[in-house]
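Take a look at this one chain, the form predicted on its own, written out in structure tokens.
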């Protein structure tokens, strides 16, 4: 005993760290609480409590602390105008997610399989994140507007002007540009962790490039694909800055409606009700998509760990 004490504290005095270690060693439950408590506290304080507050507000009429009512939900779900906006938002979100997934996966696959400067290329992919979101959107306005950079470039080749600003293609271009890095990173991670010998084995067994990709590469990287899809789908569905700046008033998405209720109409309960409904829809779609993706890729697939 005397030897152990001498090893922990050569000077003969207990340090604060030693006292804390001994304190938690004799109290395992308190030790678990000290380790897991802060993360759970952050989740409760920054995610659960705001969600509960929004849910409570959504059942109030006209203003916060107003009388309780279900009118916010019935007005939203019974309005053909709002449901049309939700459907348009869903269509644009699916289109953007598919486009970003195809482009991002192709880019990540090329970096992993054919490039010797993966670090430099990944740096170029995430470089736009170092610039403000608003500045990037205004840069695209200068590119896509009539007489902008795109039209000037087309005129150099005697091609007609296109003036894409305030159109749905402009919104999709903006979303693709913004969310592409979020998709490339999980795609790259899953492709890097995949066992490349499996591809060579499939080729040795007579599988062509396309069959090898759909039977080996894609199933083995399905977790990265699902992660990338989620990272693109959720922010696109609730976004309002990109469609407002690049799509104008002809491409209203549900995020713009929610923003208008909070900032212009000052009808927070109705905006909160729309937010709750949209959150439920997104969660259900993601759960269905994750299960459908698992069945599509097969139960035998998975990343190497």
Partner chain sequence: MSRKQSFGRREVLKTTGAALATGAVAGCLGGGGGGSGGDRVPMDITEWPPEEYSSNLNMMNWYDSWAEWAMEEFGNEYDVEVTNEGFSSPDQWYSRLQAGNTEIDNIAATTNWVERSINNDFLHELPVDIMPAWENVTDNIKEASSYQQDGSTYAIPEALVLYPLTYNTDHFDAAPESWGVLWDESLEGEIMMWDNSTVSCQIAAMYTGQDPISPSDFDEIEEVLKQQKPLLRTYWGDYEQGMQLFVNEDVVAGPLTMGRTYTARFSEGAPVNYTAPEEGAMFTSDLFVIPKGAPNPITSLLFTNWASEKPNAAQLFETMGYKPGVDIQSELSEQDREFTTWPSDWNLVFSETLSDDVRSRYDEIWTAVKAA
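Positions refer to the first chain, counted from 1. Whichever C-alpha set is largest while still superposing within 1.5 Å between the two forms counts as the rigid core. Not measured: the values here are computed from a predicted model.
Absent from the display: the form predicted in complex with the partner chain. The rest refers to it.
- The candidate spot formed by 84, 244 and 268 lies fully in contact with the partner chain in the model of the complex, as each residue has a heavy atom within 4.5 Å of it.
- In short, of 40-48, 257-265, 23-31, 276-284 it is 257-265 that has heavy atoms within 4.5 Å of the partner chain in the model of the complex.
- In the model of the complex, the partner chain sits beyond 4.5 Å of every heavy atom of residue 129.
- The closest non-hydrogen atom of residue 222 lies beyond 4.5 Å of the partner chain in the model of the complex.
- Of the heavy atoms in residue 227, none are within 4.5 Å of the partner chain in the model of the complex.
- The closest non-hydrogen atom of residue 145 lies within 4.5 Å of the partner chain in the model of the complex.
- Site annotation in the model of the complex: the residue of 213, 166, 73, 109 reaching within 4.5 Å of the partner chain with a heavy atom is 166.
- Shown here without the partner chain, the chain has 244, 245, 247, 248, 249, 250, 252 in 238-254 lying with a heavy atom within 4.5 Å of that partner in the model of the complex.
- Comparing the forms between this form and the one not shown on their rigid core, the Cα displacement of residue 63 stays under 2 Å.
- Superposed on the core, the two forms barely differ at residue 264: its CA moves less than 2 Å between this form and the one not shown.
- Core-superposed comparison between this form and the one not shown: CA of residue 238 displaced by less than 2 Å.
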